[in-house]
Every structure is written in structure tokens, then in C-alpha cells.
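Shown next as C-alpha cells: one chain only, the form predicted alone.
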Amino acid sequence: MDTTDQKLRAILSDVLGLKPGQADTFTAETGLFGDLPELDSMAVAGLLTEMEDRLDIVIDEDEIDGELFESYGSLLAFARSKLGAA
């Protein structure tokens, strides 16, 4: 796990109120939106805000689509690309 991966798992745990260690079990294929009941449309806004704050990135509205939250891998790839570490 790299730093971005660790931070993203912490963000998901904190924002969604996941059980301790739950995010540690996520793989690239782990489904997010539609698979995690905690991640609803209201939680998405909080998640994006926390990602911006903790990763020190800016997320433009036109970058947000359903595929972004399809899996943990897609969200991590997005975060890495925003940090220039893809």
C-alpha cells in the first residue's frame, strides 16, 4: 500500500463510518457506489470534499461520473492521477 492508497482508505473509513479495518480489505475490484450501503449520493459530496482536503487536490465537477465510484480501484486510480502519480 502506498501513501495515496492508505489515505484514501482512511478517508473512506472516516467519511462513511466503516467498521475498523473494513477499508483495509478493499481490493481494486471492491464495489463502492451501489455495493456499500454507506456510500449514497449524500456521502459522495462529503467524500469528494475530504479527498480534496486530505490529498490536497482539486476535483472539477466535470471529472465526476458514475465510473469514478464504481470500484475502489477506479477511485484510487483517479486519486493517483490527480496527484500525478498514476
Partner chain sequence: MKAESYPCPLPGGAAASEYALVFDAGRKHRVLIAPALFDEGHKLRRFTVEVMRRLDGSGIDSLLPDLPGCNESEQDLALIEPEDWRMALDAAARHFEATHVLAIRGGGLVLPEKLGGWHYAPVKGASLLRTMLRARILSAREAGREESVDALMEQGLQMGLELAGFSLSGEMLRQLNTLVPGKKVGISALEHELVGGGPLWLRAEPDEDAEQADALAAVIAVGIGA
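Keep in mind that what you see is a predicted model, and the values were worked out from it rather than measured. Positions refer to the first chain, counted from 1.
Another form exists, predicted together with the partner chain; not displayed. Remarks below refer to it.
By the criterion of a heavy atom within 4.5 Å, residue 17 is counted among the residues contacting the partner chain in the predicted complex. Under a 4.5 angstroms non-hydrogen atom cutoff, the partner chain in the predicted complex lacks residue 31 among its neighbouring residues. Using a 4.5 angstroms limit between non-hydrogen atoms, residue 38 touches the partner chain in the predicted complex. Interface residue remark: residue 65 is counted as part of the site for the partner chain in the predicted complex, having a heavy atom within 4.5 Å. Residues of 33-55 placing a heavy atom within 4.5 Å of the partner chain in the predicted complex, in sequence order: 33, 38, 41, 42, 43, 44, 45, 46, 48, 49, 50, 52, 54.
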